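Here are two versions of the same chain, shown separately as structure tokens and labelled structure 1 and structure 2.
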Structure 1
């Protein structure tokens, strides 16, 4: 009998040059560069260039990349009209998945996987995703969408489209760092989904909408919203210990903790923790941060021995909250960044493609007689 690896744990299903993870030591590198180095020194745009080209850009290359990305910030009128027609109470992840999928309808050549065209499509989807999320959020608040500002960075343009005012340099930088930290992460569930779709030689819009669907789940990108819901439910620092003890006693999964790969502190969480602390102080609202560090402490005492530590979603919830983002925009923020990683992986997949088609171990019956419908009990 074949050995079945439930959840494909430990199965190596692809070679990649995007990100390296050492789950025991808590190391994450993009193309060999430590995530901490990138978070301190890089920008999201430069990080995307790195992932799409496996090297850092020279100045002129980065300028050209920024120019090309900014030129694609605007939404096609069809997508704008579509968003206007969406029910106001729709969930932003469903909106995002639908709008990205619909972009295929206004692409004259949606199915092309020719490398240069594929990259151009990836760039356009990445550039427009912020406008999709912001346009829907503004419309549901009864506000008109704002035209993108092509002089702004990816991070600043998104916050501008959402809020109608340009972010402070601190807010822009904090959001930019969040985008860097979420850009890629090995063969996670949504990236694997994207690579499976790409491996059938399907189009990039199908790749992106499938990956967005996988990301939405609470065991993956949806956990950042789950963290916020948990913080709201707990309500105060004093109630943290009893809440955590009770949840663990009832075998509840604590959102934002644990990881299939990391059995040490997720290096992205280390950085986000610092960011969350700083932003909470800056905005004068430290309650959520204090509750989060209380949960971390209680969880550490209870389950660190089992290798369960905060993951990327734990402190990103407090960070996004401090940046003024609404709860149901947290997972779309993950998608906004991760689109770059999905694209990188699919470019890589197509460069040396083989259909991804694993086996399943059949565990049902054999040689069963066909019973006519009138004789079935």
Structure 2
């Protein structure tokens, strides 16, 4: 009898050069470079180049990549009109999935998986996704979308499109770091979904739509929303200790703590915590950071010995709120970054493709007689 691993836990289904994770030691590397080092020194654009090429770019290569990415910021009129037609109460992740899928309708050769074309399509999707999210959010607030500023970085342009003003350097840097930290993370559910679709030789729009659908699930991409809900429920710094103690006593999940992979401090959260503190001061959101810091301290005193530490969602929630994002835009921010990793994995999958088609252990009956409909009770 075959051994069944529910959730495919412990099953190696692919080889990859994208990211390495050691959950016991709290290590995450992109193409061998520690995530904390990238967060402190790199940019999102440079990180995307690293994932797509398995090496850091030279200056001329990074300049060319930035230029190509910024040239793709604008939305096609059809997509802009489609977003305008969406109900204002639609959920942003459903909007994002639908608009990304619809981009295939304005691509004259949507099904091509020729390597150069595939990369060009991935670049266009990555460049336009921020405009999709910002355009919908502004329209539902009764505001007109803003045209992209091609002189701005990926992070700065998105915040400009969303808020209508150019971000401060601290805001730009904080968002850029969030994009770096979420870009890739092994063979997670959405990345696996993307690789499965790519393995059928389907188009990149189907890949991205499927991956977005997987990310939307609350067991995957919705944890940072849960952190913000928790902070709003607690309400003040003074109530933190009592709230945490009560939650632990009643075995209530503390959002933003623990991870299926990490048994040590999430390496993505280390530098983000520092940035979240600075950003909270710059934007007048110190209360939120103080509450977050208080929760972490109380949790450390109570359960750190059990290997339960903050994950990247814990401080990204505070960061996104300070940047002016509404709660239901938190998971789309995850997708905005992770598109880079999904594309990298699918480029890798197609380079040495084999259809992903696992077996299933049948547990149903055998040799059951067919009963005519007039004899079924």
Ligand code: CMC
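Since the model is a prediction, treat every value here as computed from it, not as a measurement. Numbering follows the first chain given and starts at 1. By rigid core we mean the largest C-alpha set that fits within 1.5 Å across both forms.
Between the two copies of this chain, it is structure 2 that is the form predicted on its own. Residue 145 lies in the same rigid part as residue 332 when the motion between structure 1 and structure 2 is split into two rigid parts. Put simply, the small part of the chain turns as a rigid block by 11° against the big part between structure 1 and structure 2, using C-alpha fits. Core superposition gives residue 291 a CA displacement of 3.1 Å between structure 1 and structure 2. Taking the core as reference, the Cα of residue 240 moves 4.1 angstrom between structure 1 and structure 2.
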